[in-house]
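In the block that follows, a single chain appears as C-alpha cells, in the form predicted on its own.
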C-alpha cells in the first residue's frame, strides 16, 4: 500500500493569545486521489484545520501547535511555505479576497510567476488552468465582472498554475447559487477523476458530499467525531444529531418512510438509490 499523501497525527492547536485549543487530538490520513469532505457545525474548527493542512497555520498566523501534519512527505511546521504551495493549493470561502488583478489571465498566471518560471511556462500553465476550469475566452475579462461561480473557478485556476498534488477548498460554494455550486463541483470532480488530484473540501452541502466524496471527516467542538464514507456518516443518527449535520433529502425521505412503517433494504444517500429502493418495494 502506498504512503498517504496527508498524515495528521495527535494534532492540537490554539490561536495566539488564547488558552483554549480549537482542535484537539485530531488523527486521520488521506490517500492520493481521494476526495475528503470536512463538515460539522459552524465554529467547529474546520477552517482552522484547512489552514493547518496548507501550512499557513502556524507559520503565518502563529499560535501553539502540537503533533504533526505531513503533506506529501513534508512537515508543514518546518517546510517553507513556498515549497508547500507547490504541493498543496488552497482556495478560500470568498473568492474576492484572492482576486486582485485587472484581468483573468493575469490573475491565473500570478501563482506561476511567483515560482520564477520562464515566461513560456507561465503562459502554458495559465492556459491549461483556464481550460481545466472551463474559462477559456475569459482571459481579458475583469475578475470583478464575473459571476460568483466564475470568480471561484478563477481562484481555483490560480492555485492550479502551481501544479499542486492536493487542493484544499474552504467552503468554496457557501456564497454561490445552485448554478455556481454545480459549476465548482463539476470542476473539482474533473480535477479528481481526470488529473488524479487529491481534494480536501470544507462544506456543509450534504447532497454534494454524497455525490462526490470518498470519505467524510466530521468535527465537533474541535474534536474528530467520526471519519467514514458518506453512507456511514449520514446513516449514523448519533453523529448527525450531535454535529448538527444536514443529511441528503433522499435520506430524510427514507427516515420518514421508516416512521410510516415502510422497511427498505439499505440507507440511500443518492436520488437514484432512493428511486431504485422504492421501485423494488412496490414492484
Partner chain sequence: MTNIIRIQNLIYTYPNGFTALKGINIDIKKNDFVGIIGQNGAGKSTLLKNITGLLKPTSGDVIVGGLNTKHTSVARLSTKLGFVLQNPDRQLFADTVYNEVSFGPKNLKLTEQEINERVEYALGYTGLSSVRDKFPPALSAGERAKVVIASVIAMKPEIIILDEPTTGQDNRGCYQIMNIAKEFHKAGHTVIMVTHHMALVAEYACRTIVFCKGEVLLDGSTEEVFSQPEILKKSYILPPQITQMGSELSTVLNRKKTYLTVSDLSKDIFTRYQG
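Numbering follows the first chain given and starts at 1. Keep in mind the model is a prediction, meaning the values are calculated, not measured. We call the rigid core the largest set of C-alpha positions that still match within 1.5 Å between the two forms.
Heads up, the form predicted in complex with the partner chain isn't pictured, but that's what we're talking about next.
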Residues 147, 179 and 279 are flagged as a possible site; in the predicted complex, is every one of them within 4.5 Å of the partner chain by some non-hydrogen atom? yes
Given that the partner is absent here, state which listed stretch (26-34, 222-230, 246-254, 47-55) has heavy atoms within 4.5 Å of the partner chain in the predicted complex. 246-254
In the predicted complex, the one of 134, 189, 124, 163 near the partner chain [non-hydrogen atom within 4.5 angstroms]: 134
79, 113, 93, 139 - the one with a heavy atom within 4.5 Å of the partner chain in the predicted complex: 93
Applying a 4.5 Å heavy atom distance criterion, does residue 175 contact the partner chain in the predicted complex? yes
Taking the partner chain as it sits in the predicted complex, is residue 204 near enough to touch it, meaning that at least one heavy atom pair lies within 4.5 angstroms? yes
Looking in the predicted complex, any heavy atom of residue 170 within 4.5 Å of the partner chain? no
Mark residue 214 yes when one of its heavy atoms lies within 4.5 Å of a heavy atom of the partner chain in the predicted complex, and no otherwise. no
Contacts with the partner chain in the predicted complex, stretch 251-276 (heavy atom within 4.5 Å): 252, 253, 256, 257, 260, 261, 262, 271, 274, 275
Any chance the CA of residue 134 moves 2 angstroms or more between the shown form and the other one, core superposed? yes
